[in-house]
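Take a look at this single chain in structure tokens; it is the form predicted alone.
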Amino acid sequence: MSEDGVVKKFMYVNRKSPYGTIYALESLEVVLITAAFDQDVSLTFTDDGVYQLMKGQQTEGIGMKNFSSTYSALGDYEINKIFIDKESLEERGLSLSDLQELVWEDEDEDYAEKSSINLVSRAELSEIMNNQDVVLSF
């Protein structure tokens, strides 16, 4: 919680591909830290950021550690609002089936696993962003 005891709504906007820059890894680390402080955290993947959630990432050839499996832990941190920009997927010839499945456990429904991923249009995403207290872009 913030100093005044109010939970703030934080949205992290991921726009960069997962490798070649530090943005994707830094965003993931900040997201997990923010969630540890009981804030309301959501993530957006837009532009080349949609590649961050691709299944089967192979990084041996570029000499970088593959951190994509860490996204599967988001539900354990109660991060269950993940927004995927529909147009960004389409522009890159991708669909939801190309992305990792990210789930959370709903305590109110006997820990049933539910999808964290919400496919939204850019117009819907704009509305969602307008309802956040803090929006950080990576």
Partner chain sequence: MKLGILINEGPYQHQASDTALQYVKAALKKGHEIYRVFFYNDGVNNATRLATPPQDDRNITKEWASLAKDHGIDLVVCVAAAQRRGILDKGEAERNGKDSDNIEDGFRISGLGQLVEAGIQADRLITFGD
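Please read all numbers here as calculations on a predicted model, not as lab measurements. Positions refer to the first chain, counted from 1.
One more form of this protein, predicted together with the partner chain, exists but is not displayed; see below.
*Asks:* So, I22, E29 and F138: all three within 4.5 Å of the partner chain in the predicted complex by heavy atoms, or not?
*Replies:* Yes, the whole trio is in contact, each within 4.5 Å by some heavy atom.
*Asks:* How about T46 - does it come within 4.5 Å of the partner chain in the predicted complex, if we only consider non-hydrogen atoms?
*Replies:* It does not: once the partner chain is placed as it appears in the predicted complex, T46 has no heavy atom within 4.5 Å of it.
*Asks:* Hey, in the predicted complex, is Y111 touching the partner chain, heavy atoms inside 4.5 Å?
*Replies:* Outside the cut-off, so no.
*Asks:* Would M64 sit within 4.5 Å of the partner chain in the predicted complex, counting heavy atoms only?
*Replies:* Close contact is absent here: in the predicted complex, M64 is far from the partner chain, nothing within 4.5 Å, heavy atoms only.
*Asks:* Test of understanding: in the predicted complex, would I33 fall inside 4.5 Å of the partner chain by heavy atoms?
*Replies:* So I33 counts as contacting the partner chain.
*Asks:* Which of these residues, S88, Q100, Q57, Q39, gets a heavy atom within 4.5 Å of the partner chain in the predicted complex?
*Replies:* Looking at S88, Q100, Q57, Q39 one by one, just Q39 meets the 4.5 Å heavy-atom criterion.
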